[in-house]
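For reference, the chain that follows is the form predicted alone, supplied as structure tokens.
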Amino acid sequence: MKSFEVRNLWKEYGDQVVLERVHLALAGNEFVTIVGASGCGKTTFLKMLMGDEVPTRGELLLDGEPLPTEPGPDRGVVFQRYSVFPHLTALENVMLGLELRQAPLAGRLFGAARTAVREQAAQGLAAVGLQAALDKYPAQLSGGMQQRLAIAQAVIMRPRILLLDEPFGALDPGIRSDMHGLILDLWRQGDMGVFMITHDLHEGFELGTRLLVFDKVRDDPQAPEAYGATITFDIPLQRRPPPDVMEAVRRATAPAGAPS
């Protein structure tokens, strides 16, 4: 990913405005973390990047071209719930996307082509530490191993953008720390940008090269759905933000009713 731009993005469902006036410009393969209170449009924004949702207004540009409005291999996705196929082994899960790309009708390769894909998938699993689990089914893997499998499944397609929707939220702290190191290694090695939603503010600051905060800047108590959220903070993370910015972000991302 050489560049990514969001121009005056809006998303509305009838009279409900979810996002409004969203602007963003990225140069290069940044690791963008996204935080914000529940219901502020973070997942809707990710779905538009994915191609599952279409903007009501505005543009999404990837390397100067409109982002395709349908999901494709240029975007890899990992969810909080392990998005793998339970009836396939770990190796077959990772092979599937490669086979579908080369044989979209049959969904299966044979002979030398299948051998080459098998070797590539095995290398992908080794990259996430699953070289000993090639023939195991997801139900035989721990939660952390299943999430490693989902990441391998996404990254093997060499996407230009990797989209992560709270990918580590269901993991224990120790496993979560290991996954942080894994995803950073894969991002540094690959030619891709990353957008990751997290509810963990520390995780957002720790992993990202840039942190986005989504929040509402306009509100009407009589018409709560009349205004949407937008990017209220866009923070480069090469150096730690000053304390007043940290505190403002903490307040913006705190659950409703939490003490300020």
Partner chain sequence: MRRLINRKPGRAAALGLGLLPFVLVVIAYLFGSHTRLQDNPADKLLPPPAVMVDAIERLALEPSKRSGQRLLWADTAASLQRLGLGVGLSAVLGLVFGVAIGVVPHIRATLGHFLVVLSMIPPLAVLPILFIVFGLGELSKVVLIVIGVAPFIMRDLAARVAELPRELMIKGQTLGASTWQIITRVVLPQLWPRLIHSVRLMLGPAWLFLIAAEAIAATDGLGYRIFLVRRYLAMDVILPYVAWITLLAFLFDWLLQKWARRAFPWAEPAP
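Positions refer to the first chain, counted from 1. Just so we're clear, the structure is a prediction, and the values are computed from it rather than from any experiment.
In what follows, reference is made to the form predicted together with the partner chain, a form of this protein that is not presented.
Shown without its partner, this chain lists Ile183, Leu130, Ala150, Ala121 as candidates; in the predicted bound form, only Ala150 has a non-hydrogen atom within 4.5 angstroms of the partner chain.
Though the partner is left out of this view, Val77 does reach within 4.5 Å of the partner chain in the predicted bound form, counting heavy atoms only. The partner chain is not drawn, but in the predicted bound form it has a heavy atom within 4.5 Å of Asp52.
When contacts are judged by a 4.5 Å heavy atom cut-off, Pro173 does not count as touching the partner chain in the predicted bound form. Contact annotation for Gly143: none of its heavy atoms lies within 4.5 Å of the partner chain in the predicted bound form.
Looking at 44-52, 22-30, 60-68, 221-229, the stretch with residues near the partner chain in the predicted bound form, meaning non-hydrogen atoms within 4.5 angstroms, turns out to be 44-52. Residue Tyr137 is the only member of 120-143 with a non-hydrogen atom no more than 4.5 angstroms from the partner chain in the predicted bound form.
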